[in-house]
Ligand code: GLU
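So this first bit is one chain, no partners, the form predicted alone, shown in structure tokens.
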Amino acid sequence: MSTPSLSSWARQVSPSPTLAVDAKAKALKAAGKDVCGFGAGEPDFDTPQFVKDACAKALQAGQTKYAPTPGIPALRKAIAEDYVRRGFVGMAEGNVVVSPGGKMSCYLAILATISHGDEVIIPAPFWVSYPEMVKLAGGVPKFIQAEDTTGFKITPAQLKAALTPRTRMVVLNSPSNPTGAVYTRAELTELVALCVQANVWILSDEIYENLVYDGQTTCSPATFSPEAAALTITVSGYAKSYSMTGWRLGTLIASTPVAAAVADLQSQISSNATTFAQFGALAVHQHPDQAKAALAEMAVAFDRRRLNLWKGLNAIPGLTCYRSQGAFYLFPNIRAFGLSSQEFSARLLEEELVAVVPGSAFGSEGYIRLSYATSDEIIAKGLERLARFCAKLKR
């Protein structure tokens, strides 16, 4: 007797290609191979000690039970106050939901606002999970392509042409994964104005908001106008800025109806984010000087690595690479070699033990993504191997 089939959701969703690359690189390392891994979007720093201490203290104090679904009150209050200082108007504890990771925050935002057949506009290159989340909610992902020639940013004209009566949401991710592109306030203002005019939700993924370079600054669509604030769902978290990826703590701030709907969904899916982990995150807000120092230490290292990797990539004949200004990724163009990004990446790992993610995973063929959240030694060694690999392809 045959078993019942899997659900349509399980059959149509794709596994995370970035996690798959990272898993393969780790398996090769475990087998004794000298792999240069550029796949993982994970800081190689430890979580700041003061954060770990706050979590340990919470454990010792018995903070191991269920917490309120949207998060412990003190953390939600601190998050709201932080956003108010940054120009968000009328935000309070009731507008904040703490979830088990920024990925979950994005997914809950989509589940709370997208119904069957709704279109969600996603600029490409995109983070790999956006389209899958939309499909899991019954929505239809609709892509706008941006290239390195435009700094991997979509234009107002492109967005205007993509909007239809079925559009329900536009996803904006600045700084961007996978490109590191950062929209200026002027660029975002025009895009947000079109969203307001069309009366569509804006999912603003700002998980890399604290990692910017070259004097660049970030801004939030929710601060542009009362109309934009009502339509914007802002997602962030602690993973990238404070090297807390394994803590699984994402944040979401939105209008009261959206925040309440997200909390209701979370109550049925995960109950709450891990209780004692939230006390570690609370320390970030309670000790701003220590948090700022920890972030600055990482940012300095990331900036140095960014420039070294960027210069090294552009020195390899056949490669061209846009100078990113945020996050910890570079997205070089490999089209001169005549290989698909999948084949290029697979051969690079097989022949030179360098792990990168193909651009096709991010909806942009002809590129590869490299994370510089790794050591200077690995960057230098990886560049040497990549140059050797590209030289073989050029023969």
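Each residue number is its position in the shown sequence, starting from 1. Note that the structure is a prediction, hence the values are computed from the model and not measured.
Below: the form predicted in complex with the ligand, not depicted.
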Subject >> Contact residue in the predicted bound form, chosen from Tyr107, Phe152, Tyr83, Trp127 - any heavy atom within 4.5 Å of the ligand >> reply: Trp127
Subject >> Single option in Arg185, Lys142, His285, Lys103 placed near the ligand in the predicted bound form, where near means a heavy atom within 4.5 Å >> reply: Lys103
Original post:
Would Phe88, Trp201 and Ser255 all count as contacting the ligand in the predicted bound form, using a 4.5 Å heavy atom cut-off?
Top reply: no
Subject >> Contact of Trp247 with the ligand in the predicted bound form (heavy atom, 4.5 Å) >> reply: no
Original post:
Going by a heavy atom distance of 4.5 Å, is Thr18 a contact of the ligand in the predicted bound form?
Top reply: yes
Original post:
Does Tyr367 reach the ligand in the predicted bound form if we count a contact as any heavy atom within 4.5 Å?
Top reply: no
Original post:
Would Tyr208 count as a contact of the ligand in the predicted bound form, using a 4.5 angstroms cut-off between non-hydrogen atoms?
Top reply: yes
Subject >> Candidate stretches 53-61, 331-339, 347-355, 33-41, one within 4.5 Å of the ligand in the predicted bound form by heavy atom >> reply: 33-41
Original post:
Using a 4.5 Å cut-off on heavy atoms, which residues of 239-265 contact the ligand in the predicted bound form?
Top reply: Lys240
